[in-house]
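The chain below stands alone, shown as structure tokens; this is the form predicted alone.
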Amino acid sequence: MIQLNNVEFGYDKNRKLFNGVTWHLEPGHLYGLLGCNGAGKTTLLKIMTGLLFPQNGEALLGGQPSCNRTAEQLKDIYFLQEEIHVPHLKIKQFEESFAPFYPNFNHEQFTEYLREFEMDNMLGFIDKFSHGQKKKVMLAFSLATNVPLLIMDEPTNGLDIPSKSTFRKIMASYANEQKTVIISTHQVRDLHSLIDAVSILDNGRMILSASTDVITDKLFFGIKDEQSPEAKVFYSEETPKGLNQVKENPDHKESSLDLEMLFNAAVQNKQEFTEMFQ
């Protein structure tokens, strides 16, 4: 559904933010898009959805340039941006105004998600809500659209701890083979149990994009003595349990993916990780 081919872009003509980003997304996955602050995650999402145009290369949505933003394209995507801007409407009015744009919108799901976020009895105007309350309403609405491509930029920012737990619970049962979800965040602990594919953006390039199964087949995450001593170490970190490491996994030993460790290993071994997960 989404294809970025050698995309180049920069806000400053003398400095490119992206130097040939290529990223192909497959249906049925929940992608975690990771990157340092300033890496360009939000900009990349805007290019994908046609809100910004690549200066070179191409961004395709459903086989057509995303910048076309045709009605046929837009009914199949929902982009929940980090900054929430809502009209002066109550929740019911908002649903009545915007749900018709999405053919698969489900009113019962919207009502249930609002209930789970404890927003079902809110009667005021959405623009008067707190940031966290606005975020919960928009999360509920975006999920109820049931679009084939759902993109969320820092969806847990502004949520309290119980609401983050609710978000994870809903997302755990949301994705299916017909849906593709992209969650861009730097709060990797909020994604750990959700995603089944990871993409890491760094220094203008996509240095890793792979399923979690492929990652844990190629890499081992664990305490030093749990893996063969000759395996190459990509990253180490002292913990109370011992030296935690990301290493080569020649024996294809099972381990649990650690997103923070993976990110640190990838940015410190860019070329090797790019080749490993080509």
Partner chain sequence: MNTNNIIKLIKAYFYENWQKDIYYSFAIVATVAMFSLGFGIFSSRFAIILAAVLTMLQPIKLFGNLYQSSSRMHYLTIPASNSEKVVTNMLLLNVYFVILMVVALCVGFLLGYGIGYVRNPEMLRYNWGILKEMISNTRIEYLYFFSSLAVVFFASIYFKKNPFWKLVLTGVVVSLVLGAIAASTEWLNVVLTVPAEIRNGNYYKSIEHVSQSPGWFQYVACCVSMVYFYALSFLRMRETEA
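Numbering follows the first chain given and starts at 1. Computed from a prediction, not measured in an experiment: that's the story for all the values here.
Just so it is clear, the following notes concern the form predicted together with its partner chain, a form of the same protein that is not shown.
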- request: Have a look at Lys169, Lys128, His107, His85 for me and say which one sits with a heavy atom within 4.5 Å of its partner chain in the predicted bound form.
  value: His85
message: By the heavy atom within 4.5 Å rule, which residue out of Leu89, Met119, Ala175, Leu194 makes contact with its partner chain in the predicted bound form?
response: Leu89
message: Heavy atoms within 4.5 Å of its partner chain in the predicted bound form: which stretch in 213-221, 237-245, 24-32, 64-72 meets that?
response: 64-72
message: Taking any heavy atom pair closer than or equal to 4.5 Å as contact, tell me whether Leu52 reaches its partner chain in the predicted bound form.
response: yes
query: Might Lys41 be said to contact its partner chain in the predicted bound form, defining contact as any heavy atom within 4.5 Å?
result: no
message: Can you tell me if Ser165 lies within 4.5 angstroms of its partner chain in the predicted bound form, counting non-hydrogen atoms only?
response: no
task: Examine Pro100 and determine whether its closest non-hydrogen atom to its partner chain in the predicted bound form is within 4.5 angstroms.
output: yes
query: Would its partner chain be touched by all three of His186, Glu254 and Phe263 in the predicted bound form, meaning a heavy atom each within 4.5 Å?
result: no
